[in-house]
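Shown next as structure tokens: one chain only, the form predicted alone.
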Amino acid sequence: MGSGELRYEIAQNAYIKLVLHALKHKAAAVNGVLLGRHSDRGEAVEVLDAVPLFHSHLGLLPNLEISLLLIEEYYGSKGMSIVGYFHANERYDDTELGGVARNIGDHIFRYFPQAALLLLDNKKLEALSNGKDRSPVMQLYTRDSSKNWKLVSSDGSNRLITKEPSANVVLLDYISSGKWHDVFDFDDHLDDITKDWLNPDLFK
């Protein structure tokens, strides 16, 4: 099944972790990877976890390669693989998928051809507190037959969904309590190895 027909279902904790990472570094571009597997029937990609990568020098190859190797080794032992990429742009009003995001997405695509690229939608994130929208605050991109990353239209297709319908309610609760301070990425870990990029205590 090609990515043109697949749904992408992101678990609540993976979803919240990525958004909190972006909120922690509002003045910077940030990125992360999605971990998961195909659903049992193959009609969806299940995003079960996420790892925040960087908030500076996003395209720096040595650091990226090291982090991806460590992530693949850890999650491979749990039956998961890298199934996509998350990106938040530096500027609030920037809704374009830039070169760094596309390049990293291309790298992941080589190993997982149904890979998704998720781009944070700041306007949807800002509007969360004003409404009851249950849809993810992210735009979904998939790679088409001409090898270009294309925005998947959100006109009722619901190709990207959160596994738990209440994910945005929980996210708002974490935002109001300043939970983003507790998220660590690989940049943090490289500066201080006691800051665990797996974030095992984030949701305790």
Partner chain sequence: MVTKSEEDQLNRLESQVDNGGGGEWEYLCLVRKLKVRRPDKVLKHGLAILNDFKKRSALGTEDWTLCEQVAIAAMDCQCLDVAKDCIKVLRKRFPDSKRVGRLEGMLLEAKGLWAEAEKAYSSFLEDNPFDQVIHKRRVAVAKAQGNISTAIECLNKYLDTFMADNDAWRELAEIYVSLQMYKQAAFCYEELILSQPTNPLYHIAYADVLYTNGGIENLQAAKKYYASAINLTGGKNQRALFGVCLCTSAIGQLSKGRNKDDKESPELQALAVAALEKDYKQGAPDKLPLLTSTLKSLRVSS
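Numbering follows the first chain given and starts at 1. What you see is a predicted model; the values in this text were computed from it and never measured.
There is also a form predicted in complex with the partner chain; it is not shown, and the following applies to it.
Contact annotation: L97 falls outside 4.5 Å of the partner chain in the predicted complex, judged by heavy atom distances. Interface membership of E90, defined by any non-hydrogen atom within 4.5 Å of the partner chain in the predicted complex, is confirmed. Although the partner is absent here, Y74 lies within 4.5 Å of the partner chain in the predicted complex, judged by heavy atoms. Contact between H25 and the partner chain in the predicted complex is not found at the 4.5 Å heavy atom cutoff.
At a distance of at most 4.5 angstroms from the partner chain in the predicted complex, none of the three residues R7, A127 and S129 contributes a non-hydrogen atom. Of the residues in 57-83, those that come within 4.5 Å of the partner chain in the predicted complex through at least one heavy atom are, in sequence order, H57, G59, L60, L61, P62, N63, E65, I66, L69, L70, E73, Y74.
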